[in-house]
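A single chain comes next, written as structure tokens; it is the form predicted on its own.
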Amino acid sequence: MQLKEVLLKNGFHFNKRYGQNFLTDVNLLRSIVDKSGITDSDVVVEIGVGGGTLTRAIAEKAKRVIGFEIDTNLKPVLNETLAGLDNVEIIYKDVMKMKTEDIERLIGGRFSVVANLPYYITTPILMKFIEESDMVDGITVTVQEEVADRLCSKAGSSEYGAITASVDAVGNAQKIMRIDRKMFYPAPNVDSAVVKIDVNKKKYDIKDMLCYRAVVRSAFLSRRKTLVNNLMMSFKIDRKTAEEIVLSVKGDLLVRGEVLNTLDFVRLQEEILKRNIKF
């Protein structure tokens, strides 16, 4: 039975609050899973199970799938679409309200994330797993194409932002597939893309991740202002100190935050720590 028929049969109504847009094309779903690189030894976490179509495609490849779904109205639908799968567990909870350590304890080991993320929680979900978990190996997510471009952008480009530098600090992001809006049911107003992030917490020698995040936030505090001005505002430091820091990192007092690459931010963080500046 097709997903649309199952949804109709169970009287399911889409909830705009949850940003529900389901993928139904089996070949597309299998392609996403293939490109994620997961194997039969992997435990996979899915955020936003929806109608279970991606869940089933993951289950065909992975050792175990743990799905989190906020909408309990999908229970009867998922009972049908995931029938016969003994390596799938669905948890009806809001993953954003769960502590990361509790999620890790529930999973019981290393894991990857594969998900068609609701657009409204894309950034919080990514940051939750990238910043808070030491157990995640990789993240493959379908997101709004604009967000995908931002995640994979280069320093100095118009798409480049704080989330780019935050993700690049601990992983490598690449856009692996574009998905037309017509492939979703119901169709959203924008196209999507699949981004694969290979997590590597040792990619850079970042001495204090909290400080790193603080300097990234500072750099993008106001795109119109120079890095010197943003540092002064964010860290409550005088102009002389801010200028010394910027000159040591970029050698240009007029430089703006959006042209700094990840290595620049690492060096900026080291300068903040070296001067014992509060962050």
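Residues carry their position along the shown sequence, with the first being 1. Keep in mind that this is a model prediction, so the values were computed, not measured.
If you look for the form predicted together with a small molecule, you will not find it shown, but the lines that follow are about it.
- With the partner omitted from this view, the residue of V194, V167, V113, V95 that lies near the small molecule in the predicted bound form is V95 [heavy atom within 4.5 Å].
- Listed residues L126, L74, V143, I163 were compared with the small molecule in the predicted bound form; L74 is the one with a heavy atom within 4.5 Å.
- Contact check at 4.5 Å (heavy atoms) against the small molecule in the predicted bound form: none of V199, Y204 and V266 pass.
- Per the 4.5 Å heavy atom criterion, the small molecule in the predicted bound form is contacted by stretch 87-95, the sole one of 144-152, 87-95, 169-177, 128-136.
- In the predicted bound form, the small molecule sits within 4.5 Å of a heavy atom belonging to N21.
- Contact annotation: D42 falls outside 4.5 Å of the small molecule in the predicted bound form, judged by heavy atom distances.
- Put simply, Y212 is far from the small molecule in the predicted bound form: not one heavy atom of it is within 4.5 Å.
- Mapping the unseen interface onto this chain, I121 counts among the residues with a heavy atom inside 4.5 Å of the small molecule in the predicted bound form.
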